[in-house]
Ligand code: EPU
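Below, in structure tokens: the form predicted alone, a single chain.
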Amino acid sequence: MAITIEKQVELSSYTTMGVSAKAQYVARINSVGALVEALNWAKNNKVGILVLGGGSNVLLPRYFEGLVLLVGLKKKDIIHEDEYSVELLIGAGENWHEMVEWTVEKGWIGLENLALIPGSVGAAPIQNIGAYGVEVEEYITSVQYLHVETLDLIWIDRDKCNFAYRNSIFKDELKNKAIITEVQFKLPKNAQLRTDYESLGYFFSQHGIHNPSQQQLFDAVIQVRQSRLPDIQTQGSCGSFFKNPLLPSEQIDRLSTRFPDIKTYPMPGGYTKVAAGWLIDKAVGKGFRKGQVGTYEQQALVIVNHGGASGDEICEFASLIHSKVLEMFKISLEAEVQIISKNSKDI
């Protein structure tokens, strides 16, 4: 057997929330062949599977009964380049921020606003990650995945990925059926930088930068994120714990009457995005704490592990936040973080 199945493995170092969690079995995946072999092993041994990439968007139970796949599929290839654009083929196990940094060093435009987002490249299309006015779907051309049941490698074009706000086909129709192995991107070489997001505009005005370069935009995104988010190397966090809710205009009008300072962003289709961090800040505040779990002092949307908190305790805290926001605003927040049960087959 090409792969090694490890038993009773502690997973706290493989997730950014840092909760104590143990897996019944673990396999380290460095090739598609190893992935196929691991899936066959799980099927033959009648155990569930859980795929972990960067572990930045999951909350694990104390014990996972099944096989955890630690995906380390590495690749950074240029498949086509001309004077206008470059097409890249990136392995699912590549670190997202390091890949973005590489594109900025090369002068390829598009991903700089998504700097410092934790996690792997393979997770990016699942969540359709976004930040500072950019979503990754804009630059993905296709995604390769392994079908869990048929073990076929399949390419799916961008327009069939059903990308939406923090959503994709991989969270709906292909949930539990697909493990992403590679992502193809197309990045322009000469394009307008996206510097009009409010917090970035404020940063540039404060620093006297009137026409920022790509490198300056990349650096600004990092500094703004660092000022608002905890350092996951020293404090457990999954980043934004809840999605920003999308509400119809009638509901926004009613809320704006009651809360004139509500933070909103117009979206396509007649909906408006409401800042979940603003809602949580009003409901419980930044730095609100219960035991070893709390909202971050600089951003209420972020739940932090102050040390030693279990997954169950973090879930209870998140439920408390949900109920407080629902009580005050009649808005039901949806978790952005994937909460894993002890024998979940979620991937």
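Since we're looking at a predicted model, the values are computed, not measured. The first residue of the shown sequence is 1; numbering continues from there.
The discussion below concerns the form predicted together with this ligand, not included here.
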_in the model of the complex, Trp278 touching this ligand (heavy atom, 4.5 Å)_ = yes
*Hey, in the model of the complex, does Cys238 get a heavy atom within 4.5 angstroms of this ligand?*
yes
*Do Glu198 and this ligand come within 4.5 Å of each other in the model of the complex, heavy atoms counted?*
yes
*Any of the heavy atoms of Lys263 lying within 4.5 Å of this ligand in the model of the complex?*
yes
*Site test, Lys75, His97 and Trp108 vs this ligand in the model of the complex, non-hydrogen atom cutoff 4.5 Å*: no
*Note which of Ile252, Ala131, Ile209, Leu193 lies within 4.5 Å of this ligand in the model of the complex, where distance is taken over heavy atoms; exactly one does.*
Ala131
_Under a 4.5 angstroms heavy atom criterion, identify the one residue in His147, Arg158, Arg166, Lys189 near this ligand in the model of the complex._
Arg166
*Which single stretch, out of 99-107, 79-87, 240-248, 212-220, brings residue heavy atoms within 4.5 Å of this ligand in the model of the complex?*
240-248
*Hey, which residues along 196-235 are within 4.5 angstroms of this ligand in the model of the complex, non-hydrogen atoms only?*
Tyr197, Glu198, Arg225, Arg228, Leu229
